[in-house]
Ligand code: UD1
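One chain comes next, on its own, written out as structure tokens in the form predicted on its own.
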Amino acid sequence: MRGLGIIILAAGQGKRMRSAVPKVLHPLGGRPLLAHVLDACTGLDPEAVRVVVGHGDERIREAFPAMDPGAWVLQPQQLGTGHAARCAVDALGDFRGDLLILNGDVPLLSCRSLSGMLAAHQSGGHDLTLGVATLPDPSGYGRILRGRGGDITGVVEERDASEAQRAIREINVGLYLAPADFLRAALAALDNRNHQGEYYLPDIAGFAARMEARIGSMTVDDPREFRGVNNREELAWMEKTLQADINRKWMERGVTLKDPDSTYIDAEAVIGEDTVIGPNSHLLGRTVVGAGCRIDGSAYLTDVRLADAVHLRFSVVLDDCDVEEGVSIGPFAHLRPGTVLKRDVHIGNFVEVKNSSVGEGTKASHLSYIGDTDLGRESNIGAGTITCNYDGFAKHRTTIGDRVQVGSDTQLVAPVAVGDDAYIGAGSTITKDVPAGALAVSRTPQQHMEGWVAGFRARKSK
């Protein structure tokens, strides 16, 4: 069996997207379009991959830092898909295996279909195999031309097709598979005498027919697999289609989605069994949700790790944080990057936590900001508490020990440390370290000015 190389065409500008972002970098399910295509190809275990880039090539390379630098091929001028393929074949040097060519904007293409095409090509001993489909409305696609015996004789692009050819419903889906030596000869024979003045890759089918080569085809049954993204409307359709597939997958795996139509789960997110997710929730990036969790709704999670039995109450935002078992968060809470919540922590209404570790069983129930803090076990943070971590030039840390009681409306001015079992009186501003077991109080003595209100009102009414 011959080795396999893969060529992905991703050099187009995508003018109809009307965007400064290269088309193949537009996100779908939280990942660039091109990433989905690369995933489909990875399952084939290819010996070599070449991605042809042109418009925005530096941005595309930067978006895939783990890719072998040798995998990128620059098409300096966009002279057509045939020219792009020729650039890639030249970059492959003396590669002698089969070459699969596909487009970088077909994100729903499956590895299963590609594997089927490879098997049909190699078992049939073909010189060229094309991916084909039959559509009720073939508008926009190149048509497959066949002779009287049913053999493929060529492919004609719609803009160059005659009226009779446009009536053909069998289309070219943009998948090509051929031995490298045959492909080199076919690409060298291309010309640009067509409506666009470009070198068309589909014209290699006509070359193969003239050479009396063995041409095979494989039918792609699901039209979603070869549908490309050319504008924002198609991208939105693709997002909705992919999201429906993702949601169905997780429901089949034991996750309850109370309203799948308003639940958005990125392709790389993972969810455990018996988790219940309420409406209008977003699980984005590489978010991982454990088993038996409850997400009440209107949650926005990005790159979050939730352990089992976590309860996210209504309307919470979590970003790049770690949450252990049994934690309750919200409603209306915000966890920012670098936050770690240990087991059975409670973070309540309108509490924000940033770059902090909160120990097991600790509670911050309302209206507090905990930033750049190491907070111990079984402590209680009263309403209105603020860790004042920024001095205008640098961030400083606050350390609060185990079993500490922090009274309401307290400010802890970092850097400052509070020892185990300490109490902080309500309304205090703490600027010095508090010893373990001590009571810290910082208050201005209360004063009464008898009759002040009447005089104030009299002055204001004049």
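So that there is no doubt, residue numbering starts at 1 and follows the sequence shown. Keep in mind the model is a prediction, meaning the values are calculated, not measured. If you superpose the two forms and keep the largest set of C-alpha atoms that fall within 1.5 Å, you have the rigid core.
One more form of this protein exists, namely the form predicted together with the ligand; it is left out here, but the text below deals with it.
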Looking at 381 to 389, 100 to 108, 274 to 282, 208 to 216, which lies within 4.5 angstroms of the ligand in the predicted bound form, counting heavy atoms? 100 to 108
Would you check, heavy atoms only and a 4.5 Å threshold, whether Tyr141 touches the ligand in the predicted bound form? yes
Determine whether any heavy atom of Val340 comes within 4.5 Å of a heavy atom of the ligand in the predicted bound form, and answer yes or no. no
I'd like to check something about Val317: if you look in the predicted bound form, is any of its heavy atoms closer than or equal to 4.5 Å to a heavy atom of the ligand? no
My question is simply whether Thr302 lines the interface with the ligand in the predicted bound form - judged by any non-hydrogen atom within 4.5 Å. no
Only hit among Trp250, Tyr200, Tyr369, Phe182 for heavy atom within 4.5 Å of the ligand in the predicted bound form is Tyr200
Would you mind picking the one in Ser298, Gln75, Ser113, Thr287 that has a heavy atom within 4.5 Å of the ligand in the predicted bound form? Gln75
For the stretch 16 to 45, I need every residue with any heavy atom inside 4.5 Å of the ligand in the predicted bound form, listed N to C. Arg16, Lys23
Align on the rigid core first; then say whether the Cα of Asp320 has moved by at least 2 Å between the shown form and the other one. no
For Glu273, decide whether the Cα shift between the shown form and the other one is 2 Å or greater, given a superposition on the rigid core. no
Please determine whether the C-alpha atom of Glu170 is displaced by 2 Å or more between the shown form and the other one following superposition on the rigid core. yes
